[in-house]
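Next up: just one chain, as C-alpha cells, the form predicted alone.
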C-alpha cells in the first residue's frame, strides 16, 4: 500500500466510506481513523497499529447530539460535554447497541469525544458514522503530533494522512467517567481534575492502571521511545549513567555538559508549551543515537500531571 499525505477532504471521505483507514489531525495527537460502526474497519485499525484487541478505542463524533446516538449520557456528563467539547476531554459512558463490541473491546461502556480541529470536524460533517481513532502510531510507541510522524510509523500500512499541521495540545485527551457523586479520572490529559470539579462540583478520584484496560490509554507501558528512559533527580541519574551518550528532557533548566545534551521543553517554564513539545522531542531524541534518556519530574499541577504520566509510562522496564 502506498501512503500519501495531503489535505484532500474528499479523498479522506471516500476512503473512510470504503472501510479504509485515514490518519486525522486533532488538537491532541493524530488519530488513526476508521468507521467505528464497521467491524471490518475497526479490525484494520488494530492490525495497522499492532494494537492488542483488548484495548478499547475512542469514538470521535461531530457534535453533542451524536453522543446520545451511541451512549447514555447523565446530566453531569452532558454539562462537561457542553462546556468542554470540542476539546481534549473524553467521556466514558454506558454504550448503546449501535456500537459494536469490537470497538469497545467487549466493554459495555464507550469512550466518546468531539475533536477540536477544523479539518477533522469538517470531515465528520461529511460522513454519517463516528470515527474510531486511537493515536496513529505503532502500539506502545510515541504518539504522533504531525503528519510526518504518522508517515514515519505507518507508511505502507494506511492509504492517506490528512495533514492538519502540528497539534496544538500535544498530549492525549483526559478520559473521565461520572460515577454519581464523583468523577473517575481514567487518563490525565489536557483537562485537569480541578477544571472538572469547578465545572460539576463533584470530587475527582484517580483510577489505578488495571491489568486489562477498561478505557483507552491505560496500558502501563506506553508512549515509549526505543531509547531507554529513566525519570528522577537529574544530577543523580547523570552520575548513574556516566560514560554514556545522554539526552536530558527538562522543563527549562539546561543540564548540558560533556556527552550530555539537554532538551528544554519550555525556556519560559510554561507547562502547556512543554506538553506540546514532549512527544516531538522524544521522537527527535530517539533518532539521535543516544544511549539513554533522563527526564526530570515536572511540577504536579495542571497539565504537568499529564506530562509526568506520559513520561512515567515511557520509562525503561527491566525484563
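Values in this document were obtained by computation on a predicted structure and should not be read as measured data. Positions refer to the first chain, counted from 1.
Another form exists, predicted in complex with a small molecule; not displayed. Remarks below refer to it.
Just one of 274, 293, 29, 67 comes within 4.5 Å of the small molecule in the predicted complex, counting any heavy atom, and that one is 29. Here the marked residues 57, 175 and 187 all reach the small molecule in the predicted complex, each with a heavy atom within 4.5 angstroms.
Residue contact with the small molecule in the predicted complex: residue 107 places a heavy atom within 4.5 Å of it. In the predicted complex, residue 283 stays away from the small molecule, with no heavy atom inside 4.5 Å.
Within this chain, residue 153 is remote from the site of the small molecule in the predicted complex, having no heavy atom within 4.5 Å. At a distance threshold of 4.5 angstroms between non-hydrogen atoms, residue 62 is out of contact with the small molecule in the predicted complex.
Stretch-level contact check against the small molecule in the predicted complex with heavy atoms at 4.5 Å: of 78-86, 191-199, 127-135, 241-249, the positive one is 127-135.
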